[in-house]
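Quick setup: one chain, the form predicted alone, written in structure tokens, and binding and motion questions come after.
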């Protein structure tokens, strides 16, 4: 799995590809934590090339969301979520926990 981070004026865009599972989730967690530790709490996670998301991957995103929303500093927004991944998120009742967009420009503009 490759992870790229692009810093914009309004937010940071994180893009990952491939599978996010128990072996690759720590990489994602490290990348997201590096953004938060730099004092930036508005994150857009581009999931257009993510093919699978395990429960470990969701826990990384949930923990990141908690850190970002603490003290109303920001949040993590999901973009271009694969329909199967979105269905699994809705199935466990977490679909409303994240804002989701189909367009990267709209997601960045929401901040």
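Just so we're clear, the structure is a prediction, and the values are computed from it rather than from any experiment. Numbering follows the first chain given and starts at 1.
Just so you know, the form predicted in complex with another copy of the chain exists too; it's not on screen, but the next bit is about it.
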{"query": "Non-hydrogen atom contact residue 5 with another copy of the chain in the predicted bound form at 4.5 angstroms", "finding": "no"}
{"query": "Partner proximity in the predicted bound form: residue 108 to another copy of the chain, non-hydrogen atom cutoff 4.5 Å", "finding": "yes"}
{"query": "4.5 Å heavy atom contact, residue 103 to another copy of the chain in the predicted bound form", "finding": "yes"}
